[in-house]
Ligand SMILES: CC(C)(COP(=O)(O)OP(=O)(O)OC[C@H]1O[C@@H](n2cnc3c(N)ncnc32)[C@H](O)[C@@H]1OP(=O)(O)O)[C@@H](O)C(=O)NCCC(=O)NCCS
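Next up: just one chain, as structure tokens, the form predicted on its own.
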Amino acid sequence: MAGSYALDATVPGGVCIPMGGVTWVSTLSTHRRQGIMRQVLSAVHDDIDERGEPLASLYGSEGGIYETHGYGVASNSRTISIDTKRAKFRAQYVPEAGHVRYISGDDVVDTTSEIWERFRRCRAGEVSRSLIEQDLRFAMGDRPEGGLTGARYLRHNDGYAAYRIDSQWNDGQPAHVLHLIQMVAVTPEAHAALWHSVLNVDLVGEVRSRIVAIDDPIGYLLTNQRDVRTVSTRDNIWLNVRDASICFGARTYRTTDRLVVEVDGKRWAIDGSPDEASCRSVRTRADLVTSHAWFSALLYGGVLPSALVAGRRMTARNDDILRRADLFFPTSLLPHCQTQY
């Protein structure tokens, strides 16, 4: 089986486009190697196309499956660990008291929904959350899970954070583990205030999270950046562009340029600038040549063409074109998605 959610995804420049969030892709162990998953994914893609969604996306449960289905890795994520006994805010960045407070009950969904709608437009890769989904997230998070407490919510006027606690009492030497499950900050002030509150929860010895963006600036706020330890990294978002003219025409670019990309024999001319862009099918000579999967990976601006060339996923007509492409596609903030679907 497989399915898809109708979502909106943010592309560089802050424009949101319709997207099919592919999920629940699975095949019974008794029916593998028969081409069934390919047939089911094809049917899901047909649904996405019929709904008029120019983009499909997923989180890959395995890293070796989805490239052959037209998906390329558009961003990466990391797991971090912070020892709260060592991590100290630089004095000049310690926020004034009173800007963060706890919220609970009915306040959570209304507050987080309003802030989320502002936040998700600030970073390429993030997606919409309906009120139904926010209700479901709150209901699921409110319940204890395994050894973890229910979710607790910190609120700032321009952000919120959510976490669970894994109690570690250690015979009178408590060192609980705080699992940060959402960090949503629209402004730098909200980001600093929320992180300061998270790192100062009583009895916590470690803050651990899998949802923090690779370029989250928390390390710069501390006296020692090494106190933010990266435990692991992995792929985050996989993209499959269904309609190149809409997807690459909706985003903005870092420089003003025109590049022709050949994708599995078809050529697309992308004329882009920091203000606007267009993408159309052409027959002119290609500057870059790649497959559908890795053309898709360029959409959010988190993958350098030179990295794809080095990885044998793309070729460039010459070094100057590759240099221009590396300036053209990237975004100032790395794409990231902390919404599992």
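Keep in mind that what you see is a predicted model, and the values were worked out from it rather than measured. The numbering used is simple: start at 1 and walk along the sequence shown.
FYI, the form predicted in complex with the ligand isn't displayed, but the following is about it.
- Though the ligand is absent from this view, in the predicted complex it lies within 4.5 Å of a heavy atom of just one residue from 64, 274, 311, 52, which is 64.
- This chain is displayed alone, yet in the predicted complex one of 278, 315, 27, 291 has a heavy atom within 4.5 Å of the ligand; that residue is 27.
- Heavy atoms of residue 36 reach within 4.5 Å of the ligand in the predicted complex, making it an interface residue.
- At a distance threshold of 4.5 angstroms between non-hydrogen atoms, residue 69 is in contact with the ligand in the predicted complex.
- The ligand in the predicted complex comes within 4.5 Å of a heavy atom belonging to residue 32.
- Only one of 316-324, 5-13, 18-26, 329-337 places residue heavy atoms within 4.5 angstroms of the ligand in the predicted complex, namely 18-26.
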